[in-house]
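The chain below stands alone, shown as structure tokens; this is the form predicted alone.
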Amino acid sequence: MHFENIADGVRLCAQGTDKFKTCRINISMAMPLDSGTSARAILPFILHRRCAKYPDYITLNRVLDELYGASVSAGVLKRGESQILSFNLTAIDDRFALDGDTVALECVQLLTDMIFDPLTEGESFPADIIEQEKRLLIEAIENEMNDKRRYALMRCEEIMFKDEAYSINRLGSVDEVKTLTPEEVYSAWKEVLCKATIQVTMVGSMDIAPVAEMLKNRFSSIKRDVAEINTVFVNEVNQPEYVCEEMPIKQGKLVMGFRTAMADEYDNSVPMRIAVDIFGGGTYSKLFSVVREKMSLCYYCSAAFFSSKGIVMVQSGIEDANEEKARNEILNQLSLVAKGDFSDEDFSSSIKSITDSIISNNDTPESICAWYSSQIFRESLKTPEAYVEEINEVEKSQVVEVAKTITLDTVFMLKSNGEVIDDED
């Protein structure tokens, strides 16, 4: 693994390998979740479709074709209380290029052209492009709201984290997007270039030296003042909050949010991952084998651990009449894990499932790139193999101890209002 600081708050991470026929490049740019989230959320989608050098679909696709059919994509992620703008490019590996073409270097050049030199009009982005991208972003936000399972999770997060930045949607809000001006988006772009924590991650057989040199030249003209990103970890819970809403749906959605005693995302995160997996991970888990299969209290029921915030979220689809039974049994199964009431087979099954999942990150350039780009805030990168070693060293007693710290904070129930609809839950 090549690891190099390019500029203040900017680093290059490259995994050299000749296992694959393609290479993968990711540029991740992290900013705090705050009032500027909506303006920043629109940026990746504007920037990856055009730039000053390639101002329209035809010219951009022509250069992608020349790069042996390379493909580019963009997205927005939330990790802890940070918003991460992501740019991805997949292309043929340099080993298979003709006449010694340096495809990876040219692809990084293209991505940096998009990010550093977008299509602008003075101190603004073109108004027609902004309006087009605003419509698409609003549609993406509304699609999430129309997905009832996703909506229920988002509402639980809004309630649970109402006094924390984590409650902010990574894409912003419809109302904020509607009022965005080309000038505001341009200002957000300038701010990201100066203040974002940035990681360039590459996977392939490319020569890293010219890539590093090119990136250093790109950033040399920017005065960097990296924004501080701090995620709040709350581990004190008073009385759990309960909120119920009604909608025209056929299947109720129960979401339960839990806090842990984690002080940061690395504090007991390894045994906590195992505890949550035994609680609500695979088919061996308490929520699946008991709540879903044995007791038939729900259509689906699973728990997810978010180490970047130190929280556990349980999602289930239920009949409205089973809400209290399901809620009580979910809590009961958690208490059993905290008492160590799970078999050695359950423990070993969880370890194997988790380690298999981790090792599978080595299977494709995309998954390797995602593995390392997700570590944008780590001072040193951890390989999948190193993480597997940590998982295998965890003892059952450690899992029991961390399970005791998982405490219910918020319950959100989305139930039917009695209207008959054609709903695909």
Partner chain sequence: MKINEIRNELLNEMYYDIDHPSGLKILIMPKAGYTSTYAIFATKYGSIDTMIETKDGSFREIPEGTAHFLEHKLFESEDLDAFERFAKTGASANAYTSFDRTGYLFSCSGNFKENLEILLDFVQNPYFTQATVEKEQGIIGQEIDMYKDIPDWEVMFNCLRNMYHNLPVRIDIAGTQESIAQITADMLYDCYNNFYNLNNMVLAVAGNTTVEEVLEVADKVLKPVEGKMAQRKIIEEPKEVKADYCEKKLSVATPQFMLGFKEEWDTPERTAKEEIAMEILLDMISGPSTDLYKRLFDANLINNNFGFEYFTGFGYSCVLFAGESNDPKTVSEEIKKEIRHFREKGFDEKVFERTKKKLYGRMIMGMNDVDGLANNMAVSYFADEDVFTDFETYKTVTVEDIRELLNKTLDENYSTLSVILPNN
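Since the structure is predicted, the reported quantities are computational estimates derived from the model, not experimental observations. Positions refer to the first chain, counted from 1. Between two forms, the rigid core is the largest collection of C-alphas that superpose within 1.5 Å.
Just so you know, the form predicted in complex with the partner chain exists too; it's not on screen, but the next bit is about it.
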Looking at Ser308, Gln109, Ser353, Ser187, which has any heavy atom no more than 4.5 Å from the partner chain in the predicted complex? Ser353
Looking at Val270, Leu77, Leu336, Met247, which has any heavy atom no more than 4.5 Å from the partner chain in the predicted complex? Met247
Quick one: is Tyr387 in contact with the partner chain in the predicted complex, heavy atoms, 4.5 Å cut-off? no
Should Ile391 be classed as touching the partner chain in the predicted complex when contacts are defined as heavy atoms within 4.5 Å? no
At the 4.5 Å heavy atom threshold, is Ser71 in contact with the partner chain in the predicted complex? yes
Should Glu241 be classed as touching the partner chain in the predicted complex when contacts are defined as heavy atoms within 4.5 Å? no
Kindly confirm or deny that Val211, Phe219 and Glu401 each have some heavy atom within 4.5 angstroms of the partner chain in the predicted complex. no
For the interface check, one of 260-268, 135-143, 78-86, 174-182 should have non-hydrogen atoms within 4.5 Å of the partner chain in the predicted complex; which one? 135-143
Determine the residues of 270-305 with a heavy atom within 4.5 Å of the partner chain in the predicted complex and present them in sequence order; the list may be empty. Thr283, Tyr284, Phe288, Arg292, Glu293, Ser296, Leu297, Cys298, Tyr299, Tyr300
I want to check Asp99: does it shift between the shown form and the other one by 2 Å or more at the Cα, with the core superposed? yes
Once the two forms are fit on the core, has Arg378 moved its CA by at least 2 Å between the shown form and the other one? no
So, superposing on the core, is the move of Leu67 at the CA at least 2 angstroms between the shown form and the other one? yes
